[in-house]
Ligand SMILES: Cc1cc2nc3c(=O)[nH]c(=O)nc-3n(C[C@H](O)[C@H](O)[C@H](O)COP(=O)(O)O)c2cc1C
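Just the one chain here, the form predicted on its own, laid out as structure tokens.
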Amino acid sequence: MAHEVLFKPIKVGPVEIKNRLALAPTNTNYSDNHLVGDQTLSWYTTLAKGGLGLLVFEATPVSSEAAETSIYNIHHFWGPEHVPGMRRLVESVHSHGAKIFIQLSPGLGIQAAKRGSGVIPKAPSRVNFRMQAENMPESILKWFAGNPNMVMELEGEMAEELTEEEIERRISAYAQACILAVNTGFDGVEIHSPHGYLVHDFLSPRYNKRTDAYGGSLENRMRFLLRIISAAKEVIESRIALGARLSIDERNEDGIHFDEMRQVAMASAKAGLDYLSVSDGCYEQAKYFAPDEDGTMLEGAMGFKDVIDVPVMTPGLHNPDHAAAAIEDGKTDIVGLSRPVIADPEWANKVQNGEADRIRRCVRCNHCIFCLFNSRAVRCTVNRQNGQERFNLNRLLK
């Protein structure tokens, strides 16, 4: 199948992207004590050199409050110490003709700490998450079974309810991080709002039991997200792109579902988003955001596209034929890649050069996710160079 459609430029807000292929935001645990170091720089540069038009930098907390977690070695972005590495990263990605957005997080919500960690998460309400084995990808369960020294955390600490004053601080910190993103040279900001993290927690009746202006009706449950969009848009203006990532359906019976999420998408686009990035499920329903088949999120993406007039990015399309068909048929505007480019950073170049048959294919073993769940740096079973890119840094930066 011809893949030319994947390499047509697209405008996202004020930003022109050279093709329809993007790195979906992927936390890696590659940071050097929460700073951009050689491994982070090398991995993102490798992907930019590999032909992706857009890289969305992983979920990054906007304040020390937002970063409270015992789970991941994530990057931080709020102080002057965080800027030099990020600026070097932006310059390197730009040197290979790609654009780079940063996914900024106002907090990790109920998923900010494992049970027994002693870190008490802040969330809309006093709720905790409980992962059930039957809702995890089967491959993850196999990895845990084969690694008895690894502990699978199925339950998190009980959260403390955010006060309205704390909510105001989160929104203010978000706006300040957006200013920092503009000044650092990022081409866009993506609001981290899927998968049961803090913004999603506010949207979900399962996680949000509040009785004030931030709870109850969907209008109230959307308030936190819409205020973040408003605060971000006020400082960003039209200088860089602004988007958000949303789960099309939480997949918990008492959670937020597709019909309400379409209303969230409409309200978010009306509030000023330049694009929408979709995902699915949450950590209690992890099998949905790491699907075993191509195209599982396209129906939801189309449902969003029907009600908004900004570009939609959709992941879960490993096969370049399926990716091209999705664009050609108008089911999505941009294809988000994560596991496929972990397995083969040259995925985009190989497709563009007519060498799709040479792609080192992701086998969906989910070892990368298994590493992340266990606070380890991401690694790949089919790409042994993954996580070792820093040893090629001098060559990458030439």
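Note that residue numbering begins at 1 and tracks the sequence as displayed. All values reported here derive from a predicted model rather than from experimental measurement.
The same protein also exists as the form predicted together with the named molecule; that form is not shown, yet it is the one meant from here on.
Note on the interface: of 325-333, 51-59, 352-360, 30-38, the segment with non-hydrogen atoms within 4.5 angstroms of the named molecule in the predicted complex is 51-59. Contact annotation: of the candidates 107, 196, 124, 316, the single residue with a non-hydrogen atom within 4.5 angstroms of the named molecule in the predicted complex is 316. The named molecule is not shown here, but in the predicted complex it comes within 4.5 Å of a heavy atom of residue 24. Put simply, residue 67 is far from the named molecule in the predicted complex: not one heavy atom of it is within 4.5 Å. The shortest heavy atom separation between residue 369 and the named molecule in the predicted complex is within 4.5 Å. The closest heavy atom approach of residue 245 to the named molecule in the predicted complex falls within 4.5 Å.
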